[in-house]
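Take a look at this one chain, the form predicted alone, written out in structure tokens.
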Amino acid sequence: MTLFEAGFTEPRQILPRDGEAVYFQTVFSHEQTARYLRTLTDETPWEARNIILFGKEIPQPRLACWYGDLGYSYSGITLEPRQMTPTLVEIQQQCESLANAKFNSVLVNLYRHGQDSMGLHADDERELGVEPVIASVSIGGERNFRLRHRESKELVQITLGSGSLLVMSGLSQQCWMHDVPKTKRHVEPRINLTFRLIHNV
């Protein structure tokens, strides 16, 4: 198992091979993240949905909302787009600059406590195109993030801190899967924003 822990300020590639996942530890200041946490918590019309997992319909273990130009489908659900807010546009512009990519959509997730989670998956839907760039911003409580290689089962783990950015690109979605596991530890609420470019297919 390969383990990378936060503790650096320069962007760092955390995948050993087969794709890129570059971690920027501090992109947004404490003042910015505090403001974003308040604003996004209050202005986001959070939705609790059921998803299809291994053929069964189960409650999605977090709250979510989809913003952008086009709808998005995953795990048996289709999300209708909402118009980007000024706060989201502000965060998006910073992500585009650092990721050297353009985005037109964002999935906003709220992890209320340690039992909210994201199951093992890859962002490899057709609408994302080949070798998509995914920019993942963390605001609020720290959570463990894991990437598992599809073939070798090699595991990479990192603690995503508030104000950080993780940019996944290249073969990362083809060769690796990722998740945010449940934890019994007390953790503060966390908002995660994953910016992406959706194509009309």
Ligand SMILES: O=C(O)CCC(=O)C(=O)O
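A residue's number is simply how far along the shown sequence it sits, counting from 1. Source: prediction; values computed, not measured.
One more form of this protein exists, namely the form predicted in complex with this ligand; it is left out here, but the text below deals with it.
> Are all three residues 46, 65 and 82 in contact with this ligand in the predicted bound form, where contact means a non-hydrogen atom within 4.5 Å?
Result no, not one residue of the spot touches this ligand.
> Within 4.5 Å of this ligand in the predicted bound form, heavy atoms considered, which of 131, 96, 90, 123?
After the contact test, the surviving option is 123.
> Considering 139, 147, 167, 160, which brings a non-hydrogen atom within 4.5 Å of this ligand in the predicted bound form?
Only one option qualifies, and that one is 160.
> Do residue 15 and this ligand share at least one heavy atom pair within 4.5 Å in the predicted bound form?
Residue 15 lies outside the contact set for this ligand.
> Looking in the predicted bound form, any heavy atom of residue 111 within 4.5 Å of this ligand?
Residue-level check for residue 111: yes, a contact with this ligand.
> Since only the chain is shown here, I'm wondering whether residue 21 would be in contact with this ligand in the predicted bound form (any heavy atom pair within 4.5 Å).
Residue 21: no contact with this ligand in the predicted bound form.
> Can you list, in sequence order, the residues from 170 to 195 that come within 4.5 Å of this ligand in the predicted bound form, counting heavy atoms only?
Residues within 4.5 Å: 178, 180, 190, 192, 194.
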